[in-house]
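Next up, C-alpha cells for two forms of one chain, structure 1 and then structure 2.
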Structure 1
C-alpha cells in the first residue's frame, strides 16, 4: 500500500515538470534568441544553446530607439494608475460591501455590467471624449479613463464582504470615524486583496497596448509595448533585438508579480473569484 501513493506523487511531479518545460519554453527561446549573435540567426539555424552569449545585442537595440524614454513613460503611467485605481477600488469595494444606502444594488449592477463591454465598443467615443478634454498625447489620457475599473471594484467588494461586521461596529463603538475605521481596522485585514489589486492593475496598465497606441500620437510619449511593436517589420525583423527587448520590458511586471505572488492564491480565494 505504501508504494502506491508514492508512485502517484512521483507521477504527479513528472506531469508537472513536463508541463513546466512546455510553459517555460517560449520564454527560454526568447532569451536564447536575444543573446545569440545576429549572424547565427541570419544563417537560419538559431541554436538551441547559444555558442556565444552576446549581451551587446541588447544594448545596441536599447540605444537604437528611445527605449529609456518609453521606460520612464511606462513606469510613470503604471505607478500613478496603480495608486489611483487601487485607492478607488478599495473605497468603492468597502462602501458596496459594508454600507447600506439607497441604490446600492443598482450601482453595483451598473459597475459590474461594464465588465461585459468589449473595450473596442467604446473606444471611438472614448477617444473623442479624451480629445475633447484636450488630453491627447498626455499621460492622463492613458491613466484617467481606466482609473475606475469594474474588475477591481468587484474583487474588493467580494473580499470585504468576508470582513465581520462586528469588527466595524466595535470600532464605531470605540468612537472611530469612517476613515479611522477604514484605515486602522479594514485595511490591515486587506493585505491579500491589496496584493491582488496591485498585481492586476500594474499588469493591466503596464501591458496595455491598444489604448496607448491610440491616444499617444507622439513617439516620445509611447509606452514600452507600443514602442516595442515598432521594432518589428522594419527592413525585415531583427529577432535578436526584438526578443531581447520583449524580455527586458517584461522585467518590471515580473518583479511586481514575484513580490506579490505568494498572496495571489489566498487573495483570489478570499475575493470569491470563483
Structure 2
C-alpha cells in the first residue's frame, strides 16, 4: 500500500475515533456524576475523574422511590404500545401503498400533514376524549391516543411501494386472500421496516413524559420518565441519583436497538429516511 492510501485510512480512523469520543462523552459524564459522592457535587460541577466511586448512590436512589413499579409500568406501556402501533402502521401502510381506491392520495396527504401539527396543540382535545371515555388514570389513556402514528404510516407506505405488485398478484392467483397475502407474502419482506418501526416506537413511548404526566394521576401508575421528576426538588436536585436513574433507564432502549440493529440500517435506507 502506498503512503497516500495509508494516510487517508489513518485520517478516517482518527476522524471516526474523534466522533465516537464526542458522542460517548455525555454518557461518560452521566456515569461519572452518578457514582461521584454527593458532597463532591455540592459545587454544581462533577469532577472529570471522581476521587471515589460510590455505587451506593444508585441503590439508595432506587430504594428511595418506587422505581421498580415505574419500571414495570414503562415496560408494559412501551411493549403493548409498540405491538399495537407497529401492527396498525403496517396495515395502514399496506393499504395506502398497494390498493387503488378513491381518495387514497388525499387520505395520505392528510396523514402526512398532521406531522406539521405540534403535539401540544392536540393535547387538550385528546385529554377531553380520553376523559369522556373514562380512561383517565389507566394505561389505555397513554397507549391508545398514540396507537397510529403518521410517521410510522409514512415509513410503512414508502417501504411497501418497493414491493413488486406482481408478487401480490401471483399470491392472489394462487388463492390467497388479502389477509393471507399480507401475513404470508408482505410481512416476511418487511423485516427491515419492522425493525425501524419497533426501534422508533419503543424509543418514543419509553421517553414520553408530558402525556403520561397529564393522564396518570396515581403515583403507582407513573412511568420512569415521570418518576425521575421526583428527584428534582424546589430546594435542590439530587444530581447523583437523577443521572444514575437516567443512565439505567436508557438500558432498555439500548437493548432494543442492539436486537434490531441488524435490519435497522437497511430499513432506514429503503424508506428514504435521512
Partner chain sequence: MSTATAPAAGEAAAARTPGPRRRRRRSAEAAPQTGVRTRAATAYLLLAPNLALFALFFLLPLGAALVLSLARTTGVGPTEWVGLGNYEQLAGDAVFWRSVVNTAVLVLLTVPASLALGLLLAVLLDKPVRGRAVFRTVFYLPYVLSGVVVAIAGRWIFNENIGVVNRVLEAVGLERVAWQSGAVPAFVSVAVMITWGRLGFCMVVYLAGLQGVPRELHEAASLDGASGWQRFRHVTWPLLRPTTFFLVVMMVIECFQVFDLVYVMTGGGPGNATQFLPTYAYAVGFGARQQGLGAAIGMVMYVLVLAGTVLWWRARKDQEAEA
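For clarity, a rigid core is taken as the largest C-alpha set superposing within 1.5 Å between two forms. Worth saying up front: this structure is predicted, and the values here are computed from it rather than measured. Numbering follows the first chain given and starts at 1.
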* Which of these two chains, shown alone, is the form predicted in complex with its partner chain? -> 1
* Asked: When the two forms are laid on each other by their rigid core, does residue 37 show a Cα shift of 2 Å or more between the two structures?
  -> yes
* Structure fact -> When only the core is superposed, residue 54 shows a C-alpha shift between the two structures in angstrom of 3.0
